[in-house]
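Just one chain is shown here, as structure tokens, and it is the form predicted alone.
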Amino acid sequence: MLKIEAKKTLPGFNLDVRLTADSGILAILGPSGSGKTMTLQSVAGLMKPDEGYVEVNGRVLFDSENKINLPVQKRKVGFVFQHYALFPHLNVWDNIAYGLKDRPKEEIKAKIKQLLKTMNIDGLEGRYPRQLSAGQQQRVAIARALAPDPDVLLLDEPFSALDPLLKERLELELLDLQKVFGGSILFVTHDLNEGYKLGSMVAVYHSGAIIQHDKKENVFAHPANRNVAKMTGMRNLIEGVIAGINGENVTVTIPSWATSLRVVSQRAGDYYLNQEIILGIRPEYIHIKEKQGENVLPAQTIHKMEGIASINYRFHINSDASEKRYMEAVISKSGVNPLPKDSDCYLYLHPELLVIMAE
């Protein structure tokens, strides 16, 4: 288990985070400059927090109160940087062997052969980084990080420079690698789909703090607030008021739309009458209906962008007095006939796919 508490004050920025990670992959999401990489650096010993505590499997790596600060080489932490940071003057074999200098030669040889096979790069051991593709460099970087048998593996956006097909293949390899590795993996990413596919837990960062840290299903289905909702892809957010609660059925009045919607929520007991809330729904969850009904809103298309398998729409709700506010929807081409711009339609917001958040 990995435990982190880190506080660091820099000009114009404060880092103040606490998180734990069991064996498995913890996906760290957040915008640039929110403190994600600084957290990894605190664990690896590349940055010293002003205050804090870092512990891996019961072994204290850093404790500001007791003045413990183990050097990088003694922390048993593997770090894969965003741009891999391979040594250009060393071939693949020597890059992987870099952290194994103090071990017997036969042990080093056996370890490198095992990693070459595990990472699907056997046969490349004599090549230099400039002779490798981006995917091969990434595999070498992970092999080098794993060579000293670390207790925790830190991955700082390792797939950001890869094309989609290669990225998907390496994501699957990372999941297979986790089964072999068995330790904690902290995985920093900007990609929501990547974070959801790979992480069993998710930590969402914002302005140097963690604003939600939970199982991925809970973070994406029940964002804690507006910021988490936006960062996890829930782009449709509207202010509402709790008008009724009956078991798991919650009636929410939307003043801006002069209407009410029914929401089915397992957390209905957490809310109260007349409470001001935020109501959200993902673009993928909005459907088009042919006629009016419960949770169906008359709307008009204002923008349309066609993709390979789906169409991204922006809709204006007819009852909304604001011309600048809109709803986004991603509609599969197999579902309905494409709508032309400025056409009238009905949008269905499924009660079980709407999410209530405290304002």
Partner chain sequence: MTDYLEPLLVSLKTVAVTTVLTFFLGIAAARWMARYSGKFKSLIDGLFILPMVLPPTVVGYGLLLVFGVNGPIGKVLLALGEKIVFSWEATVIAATVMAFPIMYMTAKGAFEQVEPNIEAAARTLGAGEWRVFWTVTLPMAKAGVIAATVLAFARSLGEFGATLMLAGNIAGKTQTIPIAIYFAIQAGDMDKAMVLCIIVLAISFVSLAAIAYWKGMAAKMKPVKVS
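Positions refer to the first chain, counted from 1. Quantities reported herein were computed from a predicted structural model and do not represent experimental measurements.
One more form of this protein, predicted in complex with its partner chain, exists but is not displayed; see below.
In the model of the complex, F159 stays away from its partner chain, with no heavy atom inside 4.5 Å. In the model of the complex, its partner chain sits within 4.5 Å of a heavy atom of F81. Residue contact check for K101: one or more of its heavy atoms lie within 4.5 Å of its partner chain in the model of the complex.
A residue is said to contact a partner when one of its heavy atoms sits within 4.5 Å of a partner heavy atom; R127 meets this definition for its partner chain in the model of the complex. Three-residue candidate spot Q73, A85 and H89; every residue lies within 4.5 angstroms of its partner chain in the model of the complex by at least one non-hydrogen atom. The partner is not drawn, yet in the model of the complex one stretch among 65 to 73, 286 to 294, 24 to 32, 308 to 316 has residues with heavy atoms inside 4.5 Å of its partner chain: 65 to 73.
Though its partner chain is absent from this view, in the model of the complex it lies within 4.5 Å of a heavy atom of just one residue from G199, G183, P148, G208, which is P148.
Only one of V77, V263, V219, M119 lies close to its partner chain in the model of the complex, with a heavy atom inside 4.5 Å, and it is V77.
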